[in-house]
Every structure is written in C-alpha cells, then in structure tokens.
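First comes one chain, alone, set out as structure tokens in the form predicted alone.
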Amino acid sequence: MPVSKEILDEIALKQEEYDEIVRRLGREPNSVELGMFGALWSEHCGYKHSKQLLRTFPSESPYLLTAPGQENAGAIDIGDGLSAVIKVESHNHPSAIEPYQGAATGVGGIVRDILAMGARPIALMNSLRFGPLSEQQNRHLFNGVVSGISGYGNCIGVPDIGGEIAFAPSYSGNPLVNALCLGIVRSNEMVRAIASTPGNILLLAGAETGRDGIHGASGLASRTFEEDIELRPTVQVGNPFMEKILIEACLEVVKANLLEGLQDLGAAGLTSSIVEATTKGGTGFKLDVALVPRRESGMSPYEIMLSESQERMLLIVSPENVTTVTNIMEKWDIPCTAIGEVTGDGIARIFEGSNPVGAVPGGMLTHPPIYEVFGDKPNSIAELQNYDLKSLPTPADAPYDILLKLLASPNITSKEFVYRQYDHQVQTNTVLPPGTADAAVVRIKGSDKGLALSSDCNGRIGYLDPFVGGALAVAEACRNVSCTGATPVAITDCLNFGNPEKPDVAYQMVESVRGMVEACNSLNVPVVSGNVSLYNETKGTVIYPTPVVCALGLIDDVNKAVSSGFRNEGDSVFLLGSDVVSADVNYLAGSEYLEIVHGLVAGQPSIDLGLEVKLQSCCRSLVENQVVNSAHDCSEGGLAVALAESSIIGNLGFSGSIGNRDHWAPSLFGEQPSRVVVSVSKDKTHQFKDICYVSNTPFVWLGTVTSGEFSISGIIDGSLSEISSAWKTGLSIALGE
C-alpha cells in the first residue's frame, strides 16, 4: 500500500523518490528497508544535490594517496613513510537543537573518521558561525557549542589548536559547527573502509546501541527548521572516555595487521557503515540485529539499523583473527561482538534471529537520484553589488575610534575566551598555538617537519559574490598557511548552504564551487576530502553561503615557522602584495568597516589569483630564508587591524604612514585581498627586496616597530595598551561576561 506523507517526512524522502525505490526494487519496501533507503538517500549521506559539483574539484597531486570520497578522510604523503590524514565535517543541525551534545559528538565523529584510516588523531580545529551575541538564544548556542567542543576534546587527549568564529544575523537559530581532525599514520599501515572477502566477520566494537540519533542524518540534517518541533531524540549523546580507549584499542589492532577493513559508525549508524564498506568491496552481508548489544530494551530492527549512538566502530576481520582482535578489545575494556558476516551476493540482508526483516541490493542503497542544481543571480544581489560606495557619508567617529570599534567587534576580537577552554598543548606537539599566528603549527615527532592548519571563509563576501567568496576562502586559508612558512599541500572543505532546491541557493552553490575550483587550480592544491551541509535555513532565513576551507601545509623545518606578532623594536614593516596603500573605495565591499560603521553589506568584491600565487610563494621564500620576523595577512578589518593585531600579539607598537590621509577609510579599513604585513630586521632589508623582485611581488614600506605607541599617519594616535584592551575584551563584553 502507498506510504504516508508523515512517514516520508520523517525520513526526508520525496514521493517521487519513494516511487523510484519501488521501481528499482520491483515492490514496496518494508519499514526496515525504507528506513535504510531514507538514511542513505538522504542529502547528508547521498550528496544528491552536490555530487556533480564535487566532481569538478581538482584532486590530482603527487602527495595524494586516496581518491576523494572513497575513504573516510583524505590521506597525503608527507615523506619519511608517513601520511597525514585530514577531514572536516559538519554537525550544524544537531548543534542547533542541543548545542553541547551536537558539538561534542561532532568532535567525536570526525575523530573516528580519522581513526577509521588507521591514523592517530593529533589535532582538532573548528569553524563556527553564530547569530549576533546580543540575542540570548545565540549566546546559549555559542556557550553550549564551545562547552561541547572543550568537554569532549579535552577528555580524549587530542589538542584543539585553532579555528575561526564569525557572527552574522543569517546564522541566528542555525549555527554552523564544522569540526576538523588531523591524524598521522605510517603509510604502510593505512586501513581502508572496505569489506571485500566473503566469509569475513563483522565485529561491532565500542558503546552499546541506543535510540539516540535515529533520523539524525535523514530527518534532521536533510531538512530546514521550519517548525518548532521536538528533535532532541535525534541528537546523539557522547562519551569521550569511551572514545579515548576505543582509539587506543583500534590502533593496537591496526598495528597488529589484523584487519581487512575499519569503519566508524556515524550518520545512519550500522546502515551506512556496513552497506558502504561492502558495496565498495563488491560484496554483501548478512546481519543479525539480535546480536547487537543494546543499552535500551525493546529496540526494533528499524531502530537498531538507524541508531547513531556514538563511540562505535565496525571491524572487518577474517575468522582466524576474530579471537585475537576480541582479546585486544577486552584488554582495553571495549565490548566487541560478532554481529554478521560478509557475503558474496551483493545483498544487504538483515535478520532478527532467524527471522528475515530486510533484503536490498547494496548498490541500490548507495546510488540515490542525483540532481543538477542551477539558478540565476538574484536581482537583490545585483543591486547590492552596484551600490555606489563613493556616496558613503564621512563617518562621525574619528579613525582611531573606528579602529577600536573594529578591534572589539566579535568577528575580529581575540577569541582567547574560546580557545583558553581548549587543551591545545596535550601531546606536546603544538609549535604555534591559537592566537599567535595565521595558522596553527604542530611538529611531527621524530623529525624537523611540521604541519600547518588553517580554516577560513567570509560569508559576507560569499553573499555578495559567491564566486569571489569561494575563491577567497581557498586563497585565504592557503595564505594563512603560507604566512607561517608552510607550503599548502591539500584542502578539505565543508560546504554550508541553504535549501538547494531554491534558485538563489543553487546559484550560490554553483558559483562558490566554481570559485573554489579556480583558486585550487591557481594555487595547485587539491581537494582531498570534505563534507556538504545543505538546508541550513530556519523559519525562512537562509545562512550566508559558507564554503569553509581548511588548508593543510607542510614545512620542512618547523623551527623556522613565524608568528603574526612583531618581534623586535626597530624592525621595518612592509606590506606585501601591493606597492601602494590603496585608497580605492571599492575595497570596502563586504568589509567589517562597512557593516559596523554604515550598517551595510554591499559592494562588488574581487580577487586577483595571479597576484595571490606570487604573494604566497614570496612569503614562503622569505620565511624559508629567515628574512622576516613576522607575517600576518590582511583580512577582516583591513590594514589598520592587521597592524594592530601584529602589535598586540608581539606586545610592541608601530609608527608609520599609509600615504593617503584624505581617503583614510579604504586605506585603513578596506579589505583588499592578497596582502601580508611583514616585519624585517634592518640588516635584512636588501635580502627582503631581492626576494620580492625575483618573485615579482609588489611591496611598500609602511613604518617601524616601536616600543609602545601605535600611530598611523597622524590620523591614528593611540597606545598599545588601549588597542590591546579593545581587542582582548571584545568577545567577553559581547557575551556580557
């Protein structure tokens, strides 16, 4: 009989998709089978509206060891027989419902993605978006998410080394919580999430299965929040102490070479983990849900197959290795149970004892309908792009007062209030911790090499021009890495958008990806892994297009890595990427200044990717040759904010000139991309200029590092203590602390 609309709404499938299931099966699915289709055909698992776009990303690189999308994370060869494993993933919708557990289990889930490759997790980062902190609900979400990240991450012994946080009205009620994990594995010990040998045993290790998380992937992460409905049962509950010992137990099994495959249980739980592993291996499976350890009585096969209970791993093991694997798990006090076996017929067969409750071809489950997205630029955006920025009135506030306002703005102010809650020194590998540099840097134990990590995205820019926004996200994440001296070798991304069925959102998706592709090709950096989060809308409000980009960089000598802070009084300060401090008003487009001072999000942003390539190469050469003492990119807030931040971080002042005192707003606060502020010792000025000339990178002298004052062209005259206070206390004040 036809399925009801209520059931389809519960599993977030359309009527035509249900009809397609019936057509492929040649019959109507039963409830267990329909639940499995709903999970794996969900937007979260099936990438129905994004897969065609993702195929356009460049993915070829001599460093790359895994094809994007084929494993739980991307793996990059970093030499010496080691690989770095990296991925970022969203937990937006769960965090909007239950911020603490939503964020905590986001951390736990991304860690298990890295673990499933056989890698030891060595670093965490996060990219967060919230609505204005003036609203109580946004403060609740902010505090809950930060507490969840710290509460889980600190317990598992993986350092949280940085990230980014931004605020805008479009994220009110729909926060973005994107979690990244980096791991290290010996290349010859890397494990795949595959089950290719019939007769091998499916072992379920870790926590017991409960009702938490059911419909988390399909019902929660694949629809918008249009109604006030109780969704907390769809949010998983984490146990970081279980995850910690699960990590160690799985790594010991990996080290002993006892596995054919390893897979985490994340979205869609047993359904996705087993179906994806067997389909990849060209096999099937039979599973007895009665054997699955449960913490709640009376669970149905449907609930067991779709539960997203945390801290669980699937191990695919040959029969002769089962006892050894089980003994290792028992040593770590990890429950480990055989729940099924791999078959050769390609069918996903579910039993409850001897009673069959479902049988579906695995390939049918993993091949949902794929939709093409297309749309046109909304007229409203064209009007904003064409806004005459030259008509802006002269601000009532003086330039110095505006600088203080910008430094205290939640988008720019120090995020120490957040990262001081994270343990960023555990494992003792952190070289450049959060708050000191444009990217965090960790050393690779046993060598001089280091890995740099940065995440970036400017939603305002993406809203005004999604192509530029996508390109800028890649460029700035890689620029941050280059500022430390590391060479970008890969990116992982999390594409956060609204409802892809709406033409304006489809336009944002297509253009953002197109911009990212162009920037990746220009910078010669592949996309190795990632995630897509769609339907980020609440009661008709759509988030800014937010394609978060996380860049991974490799530095041969971690001791050469530089921070953002000025280091020596008397050093010369230069601006790389421009031979003048531009007074072009167009560079105020999408700027923090424009929104804070004039209440506008308008203008036409732009980026020169050719200049970006030269700038980053030059910056890395300057660091490698130990010519610069600091490097800090110009981004939110423009040049004046970048100079102030370098002064504050280094606890030193600055005195200099911007060259154009009459048009100070764009000169001081314009956000022209592809610029980096560097400081250079007097005796290395000639070497600095030679490297810039060779790389054809423009530069201009700005001034000198001083002891305490902060002065620009006589139009900004302040003290280091005053600008430091504004920058360091802005977030606490916004939170009412």
Partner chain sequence: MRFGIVVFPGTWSDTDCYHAVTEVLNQDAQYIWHQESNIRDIDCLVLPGGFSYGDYLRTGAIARFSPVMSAIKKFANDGGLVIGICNGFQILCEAQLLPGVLIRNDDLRFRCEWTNLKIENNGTKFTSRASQKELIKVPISHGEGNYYADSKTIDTLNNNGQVVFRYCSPSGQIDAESNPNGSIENIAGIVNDQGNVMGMMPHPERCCEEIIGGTDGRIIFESMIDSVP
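Numbering follows the first chain given and starts at 1. Computed from a predicted structure; not experimentally measured.
Here the subject shifts to the form predicted together with the partner chain, a form of this protein not shown in this document.
J.: Would you confirm whether the three residues Asn154, Lys244 and Val426 all fall within 4.5 Å of the partner chain in the predicted bound form, going by non-hydrogen atoms?
T.: Per the other structure, all of Asn154, Lys244 and Val426 touch the partner chain.
J.: Even though the partner isn't displayed, in the predicted bound form is Tyr463 close enough to the partner chain, meaning a heavy atom within 4.5 Å?
T.: Looking in the predicted bound form, residue contacts with the partner chain do not include Tyr463, since no heavy atom lies within 4.5 Å.
J.: Taking any heavy atom pair closer than or equal to 4.5 Å as contact, tell me whether Asn257 reaches the partner chain in the predicted bound form.
T.: It does not: once the partner chain is placed as it appears in the predicted bound form, Asn257 has no heavy atom within 4.5 Å of it.
J.: Can Trp332 be called a contact residue for the partner chain in the predicted bound form at 4.5 Å between heavy atoms?
T.: Trp332: yes, in contact with the partner chain in the predicted bound form.
J.: Is Val505 close enough to touch the partner chain in the predicted bound form, meaning at least one heavy atom pair within 4.5 Å?
T.: Result no; Val505 lies far from the partner chain in the predicted bound form.
J.: Please pick out the stretch from 428 to 436, 479 to 487, 363 to 371, 68 to 76 that is in contact with the partner chain in the predicted bound form, where contact means heavy atoms within 4.5 Å.
T.: Heavy atoms within 4.5 Å of the partner chain in the predicted bound form occur in 428 to 436.
J.: Using a 4.5 Å heavy atom cut-off, which residue among His140, Lys445, Lys539, Arg295 comes into contact with the partner chain in the predicted bound form?
T.: Flagged contact: Lys445.
J.: By the heavy atom within 4.5 Å rule, which residue out of Val558, Val185, Leu389, Ile201 makes contact with the partner chain in the predicted bound form?
T.: Result of the distance check: Val558.
J.: Within 4.5 Å of the partner chain in the predicted bound form, which residues of 713 to 737 have a heavy atom? Give them in sequence order, or say none.
T.: Sequence-ordered list has one entry, Glu737.
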